[in-house]
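So this first bit is one chain, no partners, the form predicted on its own, shown in structure tokens.
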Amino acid sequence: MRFQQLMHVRRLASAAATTLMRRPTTGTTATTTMFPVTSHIATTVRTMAGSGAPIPELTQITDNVQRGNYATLTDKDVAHFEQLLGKNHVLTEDLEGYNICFLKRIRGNSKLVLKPANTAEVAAVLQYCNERRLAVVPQGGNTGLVGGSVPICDEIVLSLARLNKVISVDEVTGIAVVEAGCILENFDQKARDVGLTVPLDLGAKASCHIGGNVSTNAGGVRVVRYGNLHGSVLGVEAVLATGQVLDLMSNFKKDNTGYHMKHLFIGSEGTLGVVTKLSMLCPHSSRAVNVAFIGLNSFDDVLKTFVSAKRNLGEILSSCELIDERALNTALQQFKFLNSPISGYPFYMLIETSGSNGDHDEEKINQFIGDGMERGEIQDGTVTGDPGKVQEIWKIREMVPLGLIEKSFCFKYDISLPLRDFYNIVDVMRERCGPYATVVCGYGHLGDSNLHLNVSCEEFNDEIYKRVEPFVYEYTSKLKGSISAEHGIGFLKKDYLHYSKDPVAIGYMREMKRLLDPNGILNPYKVLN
């Protein structure tokens, strides 16, 4: 029985089915594809704080951090920066938002925020700080999850917020040149104005900066389609700790001229230099976007469906996300404005296709789902190409991480694991934590083997902490996985780097740090322990 026949039978069986309309494409009539919606909904240590959590204690005190051998800020230093940048761009008051990380896990004690307007001013600031041995932490949108963009002690915050221009977007070559402080969403809008799209999409796109994305090698939901930023970023401009400007900009995919030094600054989290500008290859935006939200009974069915998606959706597959039942239900309970089109299944997949032919893409995704239902791998779901409905489904995925921290403490882990073992750690942690955890769940980017493991509890306690760390990292290491798939190392994971990196490799990383930042002023206490 084919997909449309299955749909006809199931519509008759469910009068309460919810319909999502498909966006019309040029020269076509809008169509409706739906599955019935079932009614059942299954119900010194740093901790993850919820949105209503109090201001954390100073991290230098709670974590017993020994301050580096850096100079102490003086009034003379402040006066120098005021002369250099202008008084309006040298902040000494109301700095809480710059000192506390997004998740309220880390709190620094910086007394000064500098907001340069261009690369020359960044270079002048760093040259002075290097000569004075004043430690500096580069900061973008401050949306990071590992404490990499805030001070640990009293480092000067170097905000890139004023370097926010999209310099150029070439619709012929697809190459965009943008300053590091440009908000990702604004960058993407400029690209879309000429029919392109930024090959990076994150839940924090409305506030994160493209420079921070590059500095952490952010992944997001479309790595399965476009790859990571090491491939999309064609060149960077970076300022070294000494104030020297390193021009590594390029407008070509092919540039085989010696060492590709740009890669040193993609993912180094501001410890080797401050990225001030970059060029990026932007693909053409898709005319037809479809999203399927489907329910499955087992992780084995998830894997079979993923293989089928790669095989049968091929060139139009642009995202493949996994959400387990506990993660979804937590988000729905916390945010009443969310509406899930289906419920009552252990696993959910969000599969997106992007292409140039709406009729062709719709036929392919319908065939894919119909075949999956015939095999018993897909149990239920909905498909839409309507832009508003697409956004509604993506909003569910984007709110899952926030739902888990809304009213509870949460240990969050961002790990890469072999696909066959992708979800096992969730079951293992559920058993290890037992009654100490309120929710143990997993969601993430199935398409690139990136799991977000979450362990929530009513409040932090030593018993649950001992059960999660360092066990999560040991488990990941035994499977040859990565302890950080896309969030970086920052401050929170620096003690665990050895679980993913060979000691010899870590030694060479230290040598690179000493070479490019001899006084160690750039983002100290991060990445390398």
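Note that residue numbering begins at 1 and tracks the sequence as displayed. By rigid core we mean the largest C-alpha set that fits within 1.5 Å across both forms. A quick note: this is a predicted structure, and the numbers were derived from the prediction, not measured.
Form predicted in complex with a further copy of the same chain: not shown, discussed below.
J.: So a further copy of the same chain isn't shown here. In the predicted bound form, which residue out of 118, 356, 424, 109 has a non-hydrogen atom within 4.5 Å of it?
T.: Only one option qualifies, and that one is 356.
J.: Which of 346, 434, 376, 231 has a heavy atom within 4.5 Å of a further copy of the same chain in the predicted bound form?
T.: None of the other options qualify; the answer is 231.
J.: Counting only non-hydrogen atoms and a 4.5 Å threshold, tell me whether 259, 303 and 500 all contact a further copy of the same chain in the predicted bound form.
T.: Checking in the predicted bound form: 259, 303 and 500 are all within 4.5 Å of a further copy of the same chain.
J.: How about residue 315: is it within 4.5 Å of a further copy of the same chain in the predicted bound form, going by heavy atoms?
T.: Answer yes; at least one heavy atom of residue 315 falls within 4.5 Å of a further copy of the same chain in the predicted bound form.
J.: Would residue 284 show up as a contact with a further copy of the same chain in the predicted bound form if we use heavy atoms at 4.5 Å?
T.: Contact check for residue 284: yes, within 4.5 Å of a further copy of the same chain in the predicted bound form.
J.: Against a further copy of the same chain in the predicted bound form, would residue 492 count as a contact residue? Criterion: heavy atoms within 4.5 Å.
T.: Close contact is absent here: in the predicted bound form, residue 492 is far from a further copy of the same chain, nothing within 4.5 Å, heavy atoms only.
J.: Does a further copy of the same chain get within 4.5 angstroms of any non-hydrogen atom of residue 464 in the predicted bound form?
T.: No, no contact at 4.5 Å.
J.: Pick from 383-391, 248-256, 434-442, 330-338: which stretch has non-hydrogen atoms within 4.5 Å of a further copy of the same chain in the predicted bound form?
T.: Heavy atoms within 4.5 Å of a further copy of the same chain in the predicted bound form occur in 248-256.
J.: For the stretch 415-446, which residues lie within 4.5 Å of a further copy of the same chain in the predicted bound form by non-hydrogen atom distance?
T.: 416, 417, 418, 419, 420, 445 sit within 4.5 Å of the partner.
J.: Residue 262: CA shift of at least 2 Å between this form and the one not shown after core fit?
T.: Not so; residue 262 is displaced by less than 2 Å.
J.: Hey, does residue 361 budge by 2 Å or more at the Cα between this form and the one not shown once the core is superposed?
T.: Stays below the 2 Å threshold, so no.
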